[in-house]
Structure formats: structure tokens, C-alpha cells
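Only one chain comes next, encoded as C-alpha cells, the form predicted on its own.
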């Protein structure tokens, strides 16, 4: 690669560069300003994310590649980048009031969210394993630090250490799998691996198994889901909301690229494995969520179950690629909106250094904060898949793709699990609407209200009028399939 091509490729990754520069600016400016002026870092972070969002829109119209094909800047990557940037933007808005109420440091927090988002964006575009691993580590290291960001909390410190140790372990497994695939194929590019794939070579099979294991850990799916509840519960609630949607979506983005571009020669094998993983993930996540006494922990197990629902679409893509892929992509977008909203309500209700995390903490909220209670109800209905919310339409598309691909039993298991989940989501509303007040609720937080209003309207409006957002997912899936000539 000559210098002119390197310069051209650098310009093509403008959204990622914008976020990286913003993160650096936040870190450099942070120690130079004092007191109330540190709040300006919030606006710097939002401007940087907005610039990245605007630059990313161009990729829906002009898909290309960069760095000799290492990154694919197509509609598929652009769609996932929308999830990452919108999630980071809204999580940043929710974090402003939360940071003040919990007395946390400001600058590093915003910088880490931005750096993590840039890693997710690299990950969604990666078409070779070195870029893939680089994106994973940029994202993961930032989230490790964010998980333990509340240094005064023992649980937060424990969450950060656990995530670091277990995440490092999964990264080692992933890297070993990459090494085996490289040893068998002599290349790290996904399209070349697919062209040379030899299913009888044990190196290929072992490498594929290890790589999928690493992805399953990042997704938080069975049987590597045990880390999710402890880390989600210990991390600051806004961080939990951000990583529950961002890290999961990024892991699914690269899972889809690797499976359909690199490992397409053994589709039947990984499809059967993921069928089992999906069924167990949905079931275990929902059954465990029923018995939880902490809302944060309940939503953590709920997150595991939703990973299983998304995997239904991955399996269904074996029978109908465009419908299956678009259903997964749309589901992750819908999950970002409704799950970030649920955690956003918990962040809004946190006060004086204490998080809102138990059912008693929301008791009687309807009487003192009716609009917040309505927003919480909408998010719970959406997570349960009750119409007319975006969660209903997203689940409908995923289960429909499974039925059309003739995975009837998987669709039935998914629908039954969705019915089970309604119990613990509605339990939240019982406490919010039907119990007496047990705590003094916090003051009005205008910045958080803006984010919660956007998320609430989005959850309802995109459920009532879903077709435009669904069409965007269809186009993005089509762009992905055209990249490597799949039908």
C-alpha cells in the first residue's frame, strides 16, 4: 500500500477518525480545566458523536473499502454504526445527570465511551482478522475500565476486574482460533479463507470452534453467559445500559461477517450449533430473570434472553439470508432503543450516590413521577414484545424469519420464552403502579428527560410505523450480501 492509497483510506474512515479525535480532545482538555467548566466536556463529546453520525450517513449511498480491503465501508457497517453512535449519544446524555448524582469523574468517562464506540465501528467494518481483533480490543479495554469506573463501589471494582479477566480469557481464545485459521489457510482475509476452506482439515474446524466461542462470550450467550449478571449489576447503570446494547450489537455484527464471508463453507455445521445455543440462551435467561430481586440483575438476565432471540434470526438466515440478516439487524436496533431506555429510567431515579436497582426503589413511582412511570411501562412492554411497541415488531420479524426458513421448533421456543418474559417485566410495573412509596424520589433532571423522551417516543413511534426503519435494515442486509456475492 503506497502513501496515496493510505491517505485516501484514512479519509474514508472519517466517522471513526472523528470519534478518535474527539476522545483525544476530551482527555487532553480534561486536566486543563477546573470546576464547573468540566461540564463543557459533555458538549464536546456530543458534538464529536454528531459529526461521526453525519459522516456515517454517506456510507449508505457510497459503499467502498479501505486499506486494501481490510475494512468494508458498506451499508451493513453503516447500519450498525448508527446503532453504536445513537446508543453512545443517548448514553452520554443520560450520563450527565447520573455522573453528578454519583459524584464520578467526568472527562475520562466521556472519552472511554467514545473510544469504545470507535472500536465497535472498526469491528463492524472488519473483513480480515487483524482489523477484527484491533476493533475488539479498542472496544473491550474501554468497557473494562467503564465497568469499574465507580472506584468507591466494591461491586463496581469487582465488575471491572471480572470483566478484564474473563474478557482477556475470551480474547485469548479468539486469537488462538485466528492463529489456527491463518495456519491452515495462509491468509487473514475472510473472502480468501472462504475460497480455501477445507472442512476436512482439523485446523479449520478447531479454529472455527474457538472463534465462535470468543464471539459467544462477547454476545453473552449460553454457555458463556455467567459473567453477564455480576458485571451488569456492578457496573454504573449508564455503563450497563451502553454496553448491553453496544457490545452486543458489535459482537453480532462481526459474527455475521465471519460466518457468512469466512465460514460459509460449513453453514450447516454452525447453524446446528447456534440453534442449540439460541434455544438454551433464551430459556436460561428468562427462567433466571424470574427469580431476581434486583432490577439491574433482572435486566442482565433479560439481556441474555434477548441475545437468544437475535440468534434465532442468525439461524434463520441459513434458510433465507436477506430476511434472516435484516431481522437480526433490526432486532439489535430495537433492543438498543428499548433497553437503553429501561436502564435510562434507573439512571434517572438514582440519587445521592445510590443507584436505583431494587424493586423497592421504584415502589409508588406512579404517584410522584407519573411520566417516568409511563416511560418505564412502555419500555417494559416493548422488552416483553407487547404491541404497539418496537419490541413487538422486532420479535415478529425474527420469529417470522425462522418460520419462513422452516425452523418451526426454534420459533415456537422463542414465542414461549417471550410469553414467560412477560411475567417479570410486568412485575416491575406492579411495583411502580400498585405499591406504596418506599423512597424519596430524586429531583427533576432536565438532561436525562431529553434522552428518555427521545427513547420513549422512538419505542412507540417505530412500533406503530415500523416500515421505514425496517426498509433500512433490508437495504443494509442487501448491501452486505452483495459485498461477497451471496444469494
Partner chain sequence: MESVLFYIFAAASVAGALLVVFHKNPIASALSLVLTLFSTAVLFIFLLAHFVAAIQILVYAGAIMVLFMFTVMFLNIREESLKFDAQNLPVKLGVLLLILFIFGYFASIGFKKSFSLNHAASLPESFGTVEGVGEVLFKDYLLPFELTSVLIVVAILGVVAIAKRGTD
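Residue numbers count along the first chain shown, from 1. None of these values were measured; they are calculated from a predicted model.
The protein also exists as the form predicted together with its partner chain; that form is not presented, and the subsequent description refers to it.
Of the candidate stretches 239 to 247, 83 to 91, 139 to 147, 313 to 321, only 139 to 147 has residues with heavy atoms within 4.5 Å of its partner chain in the predicted bound form.
Listed residues 53, 67, 60, 42 were compared with its partner chain in the predicted bound form; 67 is the one with a heavy atom within 4.5 Å. Only one of 378, 304, 71, 362 lies close to its partner chain in the predicted bound form, with a heavy atom inside 4.5 Å, and it is 71. If you check its partner chain in the predicted bound form, you find no heavy atom from any of 193, 398 and 446 within 4.5 Å.
Within this chain, residue 409 is remote from the site of its partner chain in the predicted bound form, having no heavy atom within 4.5 Å. When contacts are judged by a 4.5 Å heavy atom cut-off, residue 151 counts as touching its partner chain in the predicted bound form. None of the heavy atoms of residue 174 is located within 4.5 Å of its partner chain in the predicted bound form. At the 4.5 Å threshold, heavy atoms of residue 261 stay clear of its partner chain in the predicted bound form, well away from it. Contacts between stretch 118 to 143 and its partner chain, counted in the predicted bound form as any heavy atom lying within 4.5 Å, involve 122, 128, 130, 131, 134, 137, 138, 141, 142, listed in sequence order.
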